[in-house]
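Let's start with one chain on its own, the form predicted on its own, as structure tokens.
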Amino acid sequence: MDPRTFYTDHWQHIDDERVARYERMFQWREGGAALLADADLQPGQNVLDFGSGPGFMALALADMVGEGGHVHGVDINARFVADAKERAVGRANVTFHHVKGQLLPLPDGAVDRVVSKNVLEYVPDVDATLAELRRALKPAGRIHLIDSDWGFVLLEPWGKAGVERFFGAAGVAFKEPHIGRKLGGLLRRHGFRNVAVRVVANADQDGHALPMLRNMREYIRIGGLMTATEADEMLATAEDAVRTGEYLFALPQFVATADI
């Protein structure tokens, strides 16, 4: 893959091993509802899940809007969309769409809510993407964005220098690794009102983030800014720390909500 476009390409082309990791990472958990609270999801609403991946969150959203509502899941990965459609068999209130660019397969003003989780850090043109999401919203619609900011990640026992070195070497995977802190300003620039931003941080002490770190190991290989030996040694240190109880990982999520 071309390192210059890897931030998007690696979501279009995913090998079976990474798909298996994502199956574990993207499972819907009840704690996810807390990240969606400000979206004000109600029965009967039409919702866009932008970057729906394997479909787990879109199915949870479909439960929230009920039979009178509808969820449109959109993703650039054909395998994700196919798997999501399989999961949605028998569910009339959710539809999954495979897209190849930034344009949505929806008319103007089609949805009451736009929800997007951990997607904007990868898009080629965040301004064009936000303009398209705004187009799809109804006049009284609301946008709800959840994204990481890799400048705030911590992982023990690596320490600050180790974290910066590892995630810096994996930076080829992100178009904008610091998108979280920019969400509020971007929404205001695009004319959204009532912009609110909060930060949600949870501490992983059990190794739940290890599949993500293994993905980062693959990204480091593409970027070439760290040797395979060093990356593997750092991963082994993190894995050992889970067993000894010295491991802790945190990646704050920036949650930005705004109205049309």
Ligand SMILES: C[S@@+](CC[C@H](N)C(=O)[O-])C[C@H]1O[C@@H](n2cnc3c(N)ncnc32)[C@H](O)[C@@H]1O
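From a predicted model like this one, the values you see are computed outputs, not experimental measurements. All residue numbers refer to positions in the sequence shown, first residue = 1.
Absent from the display: the form predicted in complex with this ligand. The rest refers to it.
In the model of the complex, do 80, 99 and 123 all reach within 4.5 Å of this ligand through at least one heavy atom apiece? Every listed residue reaches this ligand in the model of the complex, so yes.
If the cut-off is 4.5 angstroms on heavy atoms, which of these, 133, 88, 76, 169, is the one near this ligand in the model of the complex? Of the listed residues, the single hit is 76.
This ligand isn't shown here, but in the model of the complex which of 186, 179, 173, 119 has a heavy atom within 4.5 Å of it? Flagged contact: 119.
Taking any heavy atom pair closer than or equal to 4.5 Å as contact, tell me whether residue 69 reaches this ligand in the model of the complex. Answer no; every heavy atom of residue 69 is more than 4.5 Å from this ligand in the model of the complex.
With the partner removed from view, which of 137 to 145, 186 to 194, 155 to 163, 123 to 131 is the stretch that lies within 4.5 Å of this ligand in the model of the complex, judged by heavy atom distances? So the stretch in question is 123 to 131.
Going through 48 to 75 from first to last, which residues have a non-hydrogen atom within 4.5 Å of this ligand in the model of the complex? 50, 51, 52, 53, 74, 75, in sequence order.
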